[in-house]
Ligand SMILES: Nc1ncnc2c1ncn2[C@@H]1O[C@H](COP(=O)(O)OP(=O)(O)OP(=O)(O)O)[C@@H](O)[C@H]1O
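Next up is one chain by itself, shown in C-alpha cells, the form predicted alone.
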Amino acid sequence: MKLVEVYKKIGKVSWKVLEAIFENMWDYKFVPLQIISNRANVSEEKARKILKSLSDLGIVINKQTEYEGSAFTFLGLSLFSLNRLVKRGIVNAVADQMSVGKESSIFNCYSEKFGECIIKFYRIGHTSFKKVKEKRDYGDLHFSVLAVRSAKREYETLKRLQGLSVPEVYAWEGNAVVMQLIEADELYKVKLKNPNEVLDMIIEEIKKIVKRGVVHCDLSQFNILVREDGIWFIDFPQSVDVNSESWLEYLRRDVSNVLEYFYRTYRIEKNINEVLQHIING
C-alpha cells in the first residue's frame, strides 16, 4: 500500500467527502450520494466526480443498488484515519511498512511528541469479511465499522494495561492506533537460552494482566515479543474483560497455547490447571 503517495493526492474537498462517508458508515454499508453531497456541502454532480476520482485511487468503492452509494476500502479508511492523526499533531511523518497481516498493517512513523513509533491500521474483515462475520458473530455491519471497533478496543485495552509488559499507546483515530516501537522479535523466531525463565516471566505477566481485568484472547508465540531485557505482549483487539461470560475459557486457551509451544519447542512441561490456579488465585 503506497500510503504516503496516495495521501498527497487527496484535496481539501475530497477530505470532506471522506469525512461524510466516515460519519455515516455506521448506518449504511454504502453511504448514499445525497447524504455525502449534503454533508460535504457540494453538489451531487461534484460529489459524484470526486468519488469517481477517489475510486480510481482505490480509496472508495462506489456502488449502484437501489441507490447510489459509496464505502471505504481499507486504504481509504486508513488514509482518513491518518489524516485525523496528522491534524491532531500526533503523526508528523510516515515511513515504510513494517509488516502486514490478516488483520492489520503496521508502518513506522515519527511523532514530534513521542519520537519514533508505529502506526497500526486495522483491517479486520477486509480480506475475508464473510468468514470473519461467521466466526465472530458481528452481524450485518460494514467491515470498516469492525476495523474501527477493533482499533478502539486495542487502544482502550493498552491504556488499561500501561505499566505492564505492553507497548505504550499514544493515540487512536478510526482504524489506526499509534504506539511505541518495540525492537524485539516474536517468540517463535528466537531460540531461547533460558526457556524456563522466559516461560515463568510470561505466566507472571499473564497474571498481572488478568489482575487488571483483561484476558488477551489470542495469545501465542506470534504475539509475544522477546529481547534480552524482557518480554512484551502485543495485539489486543480481541481482548475481553474478566467480567465477561467466557473469560475463563479464553484464559485457558491463551495459557494452553503458550504451554503447548514451550513443550513442543523446549520440552518444558507444566500442568495447565496448576498454572491457571496460580494466575487466578496465586
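Heads up: residue numbers just count along the shown sequence, starting at 1. Given the structure is predicted, the values throughout are model-derived calculations rather than measurements.
Omitted from view is the form predicted in complex with this ligand, to which the following refers.
If you check this ligand in the model of the complex, you find no heavy atom from any of W26, L75 and S150 within 4.5 Å.
Of the stretches 198 to 206, 181 to 189, 67 to 75, 84 to 92, only 181 to 189 has residues with a heavy atom within 4.5 Å of this ligand in the model of the complex. For the options L225, L251, L33, I50, the residue carrying a heavy atom within 4.5 angstroms of this ligand in the model of the complex is L225. Checking V255, V214, A40, I234 for any heavy atom within 4.5 Å of this ligand in the model of the complex turns up a single hit: I234.
Contact check for G174: every heavy atom lies farther than 4.5 Å from this ligand in the model of the complex. Interface membership of L164, defined by any non-hydrogen atom within 4.5 Å of this ligand in the model of the complex, is ruled out. Interface membership of K193, defined by any non-hydrogen atom within 4.5 Å of this ligand in the model of the complex, is ruled out. Although the partner is absent here, I118 sits close enough that one of its heavy atoms falls within 4.5 Å of this ligand in the model of the complex.
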